[in-house]
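So this first bit is one chain, no partners, the form predicted on its own, shown in structure tokens.
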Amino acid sequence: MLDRVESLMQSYVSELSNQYVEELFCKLPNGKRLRAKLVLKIAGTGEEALRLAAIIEMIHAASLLHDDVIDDADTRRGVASLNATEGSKQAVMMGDILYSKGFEELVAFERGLAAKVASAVTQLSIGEMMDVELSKKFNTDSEAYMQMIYQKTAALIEATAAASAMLAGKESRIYAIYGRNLGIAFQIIDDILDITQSSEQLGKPAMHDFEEGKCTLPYIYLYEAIDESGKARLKSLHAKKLSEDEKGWILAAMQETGALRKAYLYAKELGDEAVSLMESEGENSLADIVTAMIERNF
């Protein structure tokens, strides 16, 4: 069914009657389509569910275009990012087009459902802004970090699950909790993988987040666990290009202090709660999504 979601997205873009926009859209990598999978598993594969899945994936694609510009990212999912090939101005405007078209199609849905998704996009934008703000200095505030990743990543996944439940006549509150936990855990695992995986595995430079000024949860836990000289060294490496030796020191310190393990266990705790919720609802395929995400290779 994902191929039908892809076709709908292409159809929405084609309705704009602009060849250049269509060409740019075709250059965007598809990714995991996690949000579309959630819609189809919760709400089924009827026409409305397919349209909702396509709209949310367009919105997500728009957010990634803006994110790449903000981060000066040269790659996205292992291929050149649109801002790298076409320029930041074109990438921002393409993101605006996808946002606008997504909202144009979203208003056809019931008001409460549409408002749920629209509100999440507002949260996403605030989260993106807070990510930039937190990256201006070495952040050690785990609560600020968790609020930021909720807004930037989890809010749209939470709304996707809740809106899909509303479409299917299911209890949206339960699915919202599932989506929230999945979204936060997903981001924490991504943050861990940025540290533990190679550039080839990531499709971008390893430890790129820290070089960009981002202190993700493992770095916060590491800072809390090391001595004063270690704290000073870690802060001195923040937001700079790291040598292989410096990367090696960070990774070794993460492993020795248990910072990576602590971050993983927190993500797993959230994931386990989401799994239990879905198993209680007989939604084993949704539980499986969480399990597969938590157990990604480190």
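This one's a predicted model, so the numbers in the text were calculated from it and none came from an experiment. Sequential numbering from 1, following the sequence displayed.
What comes next is about the form predicted in complex with a small molecule, which is not displayed.
**Message:** Since only the chain is shown here, I'm wondering whether residue 124 would be in contact with the small molecule in the predicted bound form (any heavy atom pair within 4.5 Å).
**Reply:** Residue 124: contacts the small molecule in the predicted bound form.
**Prompt:** Would residue 67 sit within 4.5 Å of the small molecule in the predicted bound form, counting heavy atoms only?
**Reply:** Close contact exists here: in the predicted bound form, residue 67 approaches the small molecule to within 4.5 Å, heavy atoms only.
**Prompt:** If you check in the predicted bound form, is residue 105 within 4.5 Å of the small molecule, heavy atoms only?
**Reply:** No - in the predicted bound form, heavy atoms of residue 105 and the small molecule never come within 4.5 Å of each other.
**Prompt:** Is residue 116 a contact residue for the small molecule in the predicted bound form, using a 4.5 Å heavy atom cut-off?
**Reply:** Because no heavy atom of residue 116 falls inside 4.5 Å of the small molecule in the predicted bound form, the answer is no.
**Prompt:** Can all three of 63, 152 and 187 be found with a heavy atom no more than 4.5 Å from the small molecule in the predicted bound form?
**Reply:** The answer is yes; 63, 152 and 187 each reach the small molecule.
**Item:** Location of the small molecule contact in the predicted bound form, chosen stretch of 220-228, 105-113, 124-132, 168-176 [non-hydrogen atom, 4.5 Å]
**Value:** Stretch with heavy atoms near the partner: 124-132.
**Request:** Scan 267, 43, 259, 59 and let me know which has any heavy atom within 4.5 Å of the small molecule in the predicted bound form.
**Result:** So the residue touching the small molecule in the predicted bound form, by this definition, is 59.
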